[in-house]
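Take a look at this single chain in structure tokens; it is the form predicted on its own.
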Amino acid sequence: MRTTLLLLLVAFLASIPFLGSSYLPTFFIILFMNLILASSYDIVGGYLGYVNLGHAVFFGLGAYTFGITWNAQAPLGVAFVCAVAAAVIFAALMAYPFFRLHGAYFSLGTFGLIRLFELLAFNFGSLTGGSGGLSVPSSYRLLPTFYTTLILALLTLAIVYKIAKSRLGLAFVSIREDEKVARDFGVPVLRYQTLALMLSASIAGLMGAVYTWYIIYINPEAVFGTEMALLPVAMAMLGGTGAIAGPVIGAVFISIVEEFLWTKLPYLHLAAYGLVIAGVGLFMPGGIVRVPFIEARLRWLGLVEDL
């Protein structure tokens, strides 16, 4: 029954470009991108328990690395691989110093990376285009991007599902609940922290590359700005961190709200994200998936785990 429902949903999503509207594929591309960012963030933010406000650094690194590499006449596949490699290598380098920080110190430290990389992108104009931004060759990419983001969204959810059902996920959650006790019981804490961050970074870096490929033009504010830093955190927290369905629900909700804000109130994005984070903390600390009525049905679908 659950498999049948999943296959029907995937079939419906795959048929969207043929429903006669060019608006729907565009909307769902943004939705899939948001879902990928939120779910990849939740590997560290939900299962490992570290609120990574610098998750967008991996997205931005992937976006710029792809653009720079492809503009240097590298094959498209090589440019995508370089984007993922840049994000993963940086994640490996930052893991040791940053995971020595805890709680708010970790969050503030990672948020500082966003500001640092935004400044670097502005100042290294010979590579990034500076404030003028970076462009890549343009062509019609609506359908290729739709199916690329759909496949990547499904792959991301499959990875998170596998983590939630595995001993690796249990190790992540043991670190989240009590890092010292996990270490005392033989869990290689730093190794698992680094692995989680690299896995999270690889997905976000690839998403950044796909974003540049689709949008054609990027600038420092678009990929390293405060809005991009808060977006995955707000989506995961709203839906519910540490649950497979949580970032999905948050991404759907915020993607719909974003459509309204872009057309009606284009300057309220940051305020909306702040209100979402504050509201979840005050009134729904477990997110939407922890509402009893919803949680019971998601548990039947295997999308909420007790780890």
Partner chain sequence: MPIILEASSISKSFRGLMAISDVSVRLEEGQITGLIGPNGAGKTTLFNIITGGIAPDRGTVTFLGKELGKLTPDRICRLGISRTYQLVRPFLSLPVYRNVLIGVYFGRDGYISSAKAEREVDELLEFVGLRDKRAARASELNTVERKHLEIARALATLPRLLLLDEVVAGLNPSETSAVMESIREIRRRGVTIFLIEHVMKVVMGLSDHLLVLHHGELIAEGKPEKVATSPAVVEAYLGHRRPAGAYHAEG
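All of these numbers come straight from a predicted model, not from anything done at the bench. Residue numbers count along the first chain shown, from 1.
As for the form predicted together with its partner chain, it is not shown, yet the points below apply to it.
Looking at Tyr147, Phe122, Tyr192, Tyr214, which is the one with a non-hydrogen atom within 4.5 Å of its partner chain in the predicted complex?
-> Looking at Tyr147, Phe122, Tyr192, Tyr214 one by one, just Tyr192 meets the 4.5 Å heavy-atom criterion.
Taking 4.5 Å between heavy atoms as the contact cutoff, choose which of Ala234, Val88, Val173, Leu134 touches its partner chain in the predicted complex.
-> Selected option: Val173.
Any of the heavy atoms of Gly103 lying within 4.5 Å of its partner chain in the predicted complex?
-> Contact check for Gly103: no, nothing within 4.5 Å of its partner chain in the predicted complex.
Does Arg183 reach its partner chain in the predicted complex if we count a contact as any heavy atom within 4.5 Å?
-> Judged by the heavy-atom cut-off of 4.5 Å, Arg183 is in contact with its partner chain in the predicted complex.
4.5 Å heavy atom contact, Lys162 to its partner chain in the predicted complex | Although its partner chain is absent here, Lys162 would stay clear of it in the predicted complex, with no heavy atoms inside 4.5 Å.
Contact test in the predicted complex: Met198 vs its partner chain, heavy atoms, 4.5 Å | So Met198 does not count as contacting its partner chain.
Choose one stretch from 148-156, 113-121, 74-82, 175-183: the one whose residues place a heavy atom within 4.5 angstroms of its partner chain in the predicted complex.
-> That would be stretch 175-183.
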